[in-house]
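Only one chain is given next, in C-alpha cells, and it is the form predicted on its own.
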Amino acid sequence: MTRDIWKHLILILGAIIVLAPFYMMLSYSFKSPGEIDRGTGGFFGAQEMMVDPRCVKLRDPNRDEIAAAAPQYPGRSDSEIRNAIMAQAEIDCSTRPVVFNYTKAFIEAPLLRYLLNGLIVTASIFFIQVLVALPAAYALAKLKFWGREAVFGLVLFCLLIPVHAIALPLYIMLAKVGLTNTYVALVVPWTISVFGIFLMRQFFMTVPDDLIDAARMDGMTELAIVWRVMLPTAIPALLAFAIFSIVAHWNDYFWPRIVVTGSRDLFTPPLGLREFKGDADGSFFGPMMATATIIVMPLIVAFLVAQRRFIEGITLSGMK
C-alpha cells in the first residue's frame, strides 16, 4: 500500500513538472503585460481594460496632422491638440487583455501562413517517411536475404546519431545546389526515418507469417503485400509513428532556422514566435504565449483523438 502511494506521488510530481509550462503559457495568453510582469491576476487575469502602447504610438500625430485637426479644436495650442488626439487614441486602443493577445497573435505576424507552412512540411515529411519505412521494415522483418541482421544493426546505429551532428554537411550540400529557402530544404533531409523503420519492423515481426504466405499464394507481389496486406494491419503503429514524426517536425526550430534565412513566407510556426522577440518596446509575452497556445493546440487535439491507437501501436511494436 505504501509502495503504491509513493508511485502515485511520483507520477503526480512528474505530471506537475510536465504540465507547469503549459499552465504558464495558457495563463500568460490571458493576461495583460502589467500582470505578467508583476505575476498577479491569477490564472485568467483581471481582464480589465488595457491600452495597446503600440497602437497609441502609431496614432501619435505629426505637425501636418495637428494642423489638419486644428479646426476641430478652436483656440487650442498645438500641444493641447496633440494631447486631445492622444487621449482619444488611448480610448480607441483600449481592449481586454485576452482579446489583445490573441488578436496580436494573428496581426503582428501572418500566423495562418506559418500554420499552413507547418502543415505542408510535416505532412510531406510524414508521407515520404511512410513510403520509405514500410517497404524497408517489411524487408527487414519478413524477407530472408544475406546481411539482413547487419542492415538492421546499421538502422539501430543510425538511431544513435544526433541530428545536430549532420546539420552542417546537410546545409552545405543544400546551399551548393541552391535549395536553401525552399520547401525542399525543409522536407528532404528528414524523409528517411530510421526510427520509423525500426518501429514498423518491430510491429511487422508480430504479424503471422501465414498471412503473408496466403497473400503470396494468391499471386500478390512483395510490394502488393506491403501496401495491401501489411499497411492495413499497421494502422496502430502508423498512428504512433505519426504522433512522433509530426510533433518533432511541427515543433522543430533548429533546422528551419538554419535553412530559411530569407523570405518570411517559408517560416514554420516555431519561427513565427520570433516575431514577438524583445526590441525597443520590450517582448510581447502575452501575444507570444497566445501564439504558442495556437501552435500546440492542433498537436494536443490530434494526440487526444488518436490516444488509444497510439498506446496500442507502441505496445504492439514492443511485443516481439
Partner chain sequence: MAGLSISSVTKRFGETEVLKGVTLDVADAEFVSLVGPSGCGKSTLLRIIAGLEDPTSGDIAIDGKAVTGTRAADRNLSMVFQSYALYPHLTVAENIAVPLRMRSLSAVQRLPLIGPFLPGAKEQRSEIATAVQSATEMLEIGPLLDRKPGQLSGGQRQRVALGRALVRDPAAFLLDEPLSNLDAKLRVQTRAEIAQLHRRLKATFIYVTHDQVEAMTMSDRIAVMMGGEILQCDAPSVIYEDPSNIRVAEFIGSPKINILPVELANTEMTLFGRVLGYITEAAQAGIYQLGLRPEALKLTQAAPVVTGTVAHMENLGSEVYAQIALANQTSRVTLRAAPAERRNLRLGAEVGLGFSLKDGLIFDADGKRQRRVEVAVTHEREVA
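Residue numbers count along the first chain shown, from 1. Model, not experiment: these values are computed from the prediction.
Only in words, not in the display: the form predicted together with the partner chain, which the text now covers.
Colleague: Using a 4.5 Å heavy atom cut-off, which stretch among 162-170, 211-219, 112-120, 83-91 contacts the partner chain in the predicted bound form?
Modeller: Contact-bearing stretch, as computed: 211-219.
Colleague: Is the gap between Val130 and the partner chain in the predicted bound form 4.5 Å or less for some heavy atom pair?
Modeller: No, Val130 is distant from the partner.
Colleague: Report yes if any heavy atom of Thr233 sits within 4.5 Å of a heavy atom of the partner chain in the predicted bound form; otherwise report no.
Modeller: The answer is yes: Thr233 has a heavy atom within 4.5 Å of the partner chain.
Colleague: Would Arg228 show up as a contact with the partner chain in the predicted bound form if we use heavy atoms at 4.5 Å?
Modeller: Arg228: contacts the partner chain in the predicted bound form.
Colleague: Could you list which residues of 109-144 come within 4.5 Å of the partner chain in the predicted bound form, counting heavy atoms only?
Modeller: If the 4.5 Å heavy-atom criterion is applied to the partner chain in the predicted bound form, 109-144 yields only Lys144.
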